[in-house]
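Coming up is one lone chain in structure tokens, specifically the form predicted on its own.
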Amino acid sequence: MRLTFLDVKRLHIDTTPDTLIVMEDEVDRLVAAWRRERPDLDVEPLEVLSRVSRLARHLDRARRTAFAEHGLEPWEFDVLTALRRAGSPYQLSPGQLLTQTLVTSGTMTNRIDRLTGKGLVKRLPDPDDRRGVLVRLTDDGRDRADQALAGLLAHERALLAELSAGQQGELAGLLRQLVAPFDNVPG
């Protein structure tokens, strides 16, 4: 048996290119230690959720890097892209932004103030509510959101490069099944 390619994640054997020998990861070592130390406990959930947690940390780093390349913080990206997804004229009420970004009204007010100061959004009077305002993306805000999104997608593609399109679809479906109950909780 001769090795044709070796990386830190997988070992490919040239006699059977479709056969993969998956190498051990940190979660395997963690689970083995818990099984040794606490054989009375079923540590099976760690097999999945510890990997999800570790992946989330890697994704957070990739997101921060992608946003920093465009001069944005993660929270700035969240607000700008919520407005961008709203479609032309790229505006929402502060309450709608709260719903989409899951922050308090005080936090959102501060974020809108800071983004306004940077020229990325502007406040406009709400024509349907004389006491209300709408938050609208400026052209610069829209451009920065678009550029940061393109950068983020490049980083995320790199994170998923080891999976085929089919595997990515399967993983997305399984994760959706786990996340949906949390996203559909009222309030």
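As the structure is a prediction and not an experimental result, all values here were calculated from the model. Note that residue numbering begins at 1 and tracks the sequence as displayed. Think of the rigid core as the biggest set of C-alphas that the two forms share within 1.5 Å after superposition.
Keep in mind that the form predicted together with the DNA is missing from the display, and what follows is about it.
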Quiz item: Which of Val133, Ala68, Leu59, Val43 has a heavy atom within 4.5 Å of the DNA in the predicted bound form?
Solution: Val133
Quiz item: Quick check: do Thr81, Gln91 and Lys122 each get a heavy atom within 4.5 Å of the DNA in the predicted bound form?
Solution: no
Quiz item: Heavy atoms within 4.5 Å of the DNA in the predicted bound form: does Gln100 have any?
Solution: no
Practice problem: May I ask you to state whether Asp139 is within 4.5 Å of the DNA in the predicted bound form, using heavy atom distances? | Solution: no
Quiz item: Heavy atoms within 4.5 Å of the DNA in the predicted bound form: does Asp129 have any?
Solution: yes
Quiz item: So in the predicted bound form, does any heavy atom of Thr116 sit within 4.5 Å of the DNA?
Solution: no
Practice problem: Taking the DNA as it sits in the predicted bound form, which residues of 89 to 113 have a non-hydrogen atom within 4.5 Å of it? Please list them. | Solution: Ser93, Pro94, Gly95, Leu102, Val103, Thr104, Ser105, Gly106, Thr107, Thr109, Asn110, Arg111
Quiz item: With both forms fit on the core, has Glu162 moved 2 Å or more by CA between this form and the one not shown?
Solution: no
Quiz item: Asp42: CA shift of at least 2 Å between this form and the one not shown after core fit?
Solution: no
Quiz prompt | Rigid core superposed: Val31 CA moves 2 Å or more between this form and the one not shown | solution = no
